[in-house]
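Consider the single chain below, provided in structure tokens and representing the form predicted on its own.
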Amino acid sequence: MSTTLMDTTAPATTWPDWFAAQQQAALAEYENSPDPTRKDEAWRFANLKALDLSAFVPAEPVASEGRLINASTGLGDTSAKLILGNNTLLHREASALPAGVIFEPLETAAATHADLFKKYFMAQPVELGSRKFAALHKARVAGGAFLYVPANTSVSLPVEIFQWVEGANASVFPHTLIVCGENSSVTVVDYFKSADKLPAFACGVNDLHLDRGAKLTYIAVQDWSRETTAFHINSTVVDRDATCTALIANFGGAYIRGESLSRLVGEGSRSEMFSINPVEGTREIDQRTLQDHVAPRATSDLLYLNALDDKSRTIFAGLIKVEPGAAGTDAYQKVKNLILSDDADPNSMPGLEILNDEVRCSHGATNGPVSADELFYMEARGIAKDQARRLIVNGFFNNLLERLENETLRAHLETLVAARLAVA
């Protein structure tokens, strides 16, 4: 009898018994939770047909371990690297990490650093619509990365994580848990990649926790196959005087549902939320965000950029929420849609919920085509129209990348964007 994703018996793992019990409870929650409907505000405009998971099955061990390890190339100079394929560790290197930093597979952390794991793993409630799928993730998670940077420790070179899926209709459940101690700093680049062009299902979660004065730059490069259905659920908690910069680059996927919650719980905390989304064909990117200001005098800045071609579709629904005690909040939210086709379908719903008068908040969304003047300028200099449009889109995204402080990281992402857009 064939195995399905929803079989009661979970794939074999080495989780400790206490977590295996939690997984059984999570599976029951998933099975007993109603499916999203059009009446749910969190699923407004969503493509509910994409939520049919009946074709997907548990991922088998990868057949090309060496190939995936060799293909896991990124920045070059790094402090550490973790490579996972179909929920299983393939390779780990961490020789350049400072003393006290913990960087290991998620299952190992649950067993050897249980107190840290229990405190931070999926500790924040899922508030943006995908609680049912977060429960599925918890029930089926079988691999991932855990990074703990202790207080007053700086990791000078970036940490890279590669999470691969291989095989037709294979399901993976990538999880990244990052805990930054007081006054620590680290940069993490998380790659989500397909080993083939086959349909697959990914249901991923990342937890980012920043203690006082910590600084984290987190880059997620989503490059699943064009046949993949994926959920990416993020929660970020930022304490006093800490700064989190998170950038999501959605390069692949047939249907991507992304949810990002940033909770500013300490005075003077700062959250930067960026997203780059080149979309074409019939691909769909559905992103929901919450900038939750709990503490006073905190700052959040959100900028999402979409470039839509053919019959592609994007949805953005974002909320800035200012709690009663969050006086002095400074919050911004902006989504920009560059329309490359008359058949493209952008949907933008920015919003505010302000429960304190002493704040400065702004939000907005814009739609616009490629500038005719820019196209004329390039074509007059011998650049073909299609290539000219690609160059304009490339510049559109690079304007956002300029906000990144690390020049090497910025250049790396510019190279990835140019390759994705086939800019010569």
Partner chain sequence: MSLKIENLHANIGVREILKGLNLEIPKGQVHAIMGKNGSGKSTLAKVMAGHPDYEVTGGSVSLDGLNLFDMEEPDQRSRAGLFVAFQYPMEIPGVTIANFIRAALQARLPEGEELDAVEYYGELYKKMDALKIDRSFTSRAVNEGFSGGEKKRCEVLQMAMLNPVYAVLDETDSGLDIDALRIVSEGVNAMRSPERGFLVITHYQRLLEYIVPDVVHVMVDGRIVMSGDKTLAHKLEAEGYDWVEKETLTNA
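Since this is a predicted model, take the numbers as computed values, not measurements. Numbering follows the first chain given and starts at 1.
Below: the form predicted in complex with its partner chain, not depicted.
The partner is absent here, but in the predicted bound form a heavy atom of M378, alone among C361, V370, M378, V57, sits within 4.5 Å of its partner chain. Note on contacts: among V62, A365, L391, A46, the single residue with a heavy atom within 4.5 Å of its partner chain in the predicted bound form is L391. Contact annotation: its partner chain lies within 4.5 Å of heavy atoms from the stretch 382-390 in the predicted bound form, the single such stretch among 382-390, 37-45, 352-360, 62-70.
Looking at S33, you'd find every heavy atom of it more than 4.5 angstroms from its partner chain in the predicted bound form. When its partner chain is considered in the predicted bound form, E374 lines it closely, a heavy atom lying within 4.5 Å.
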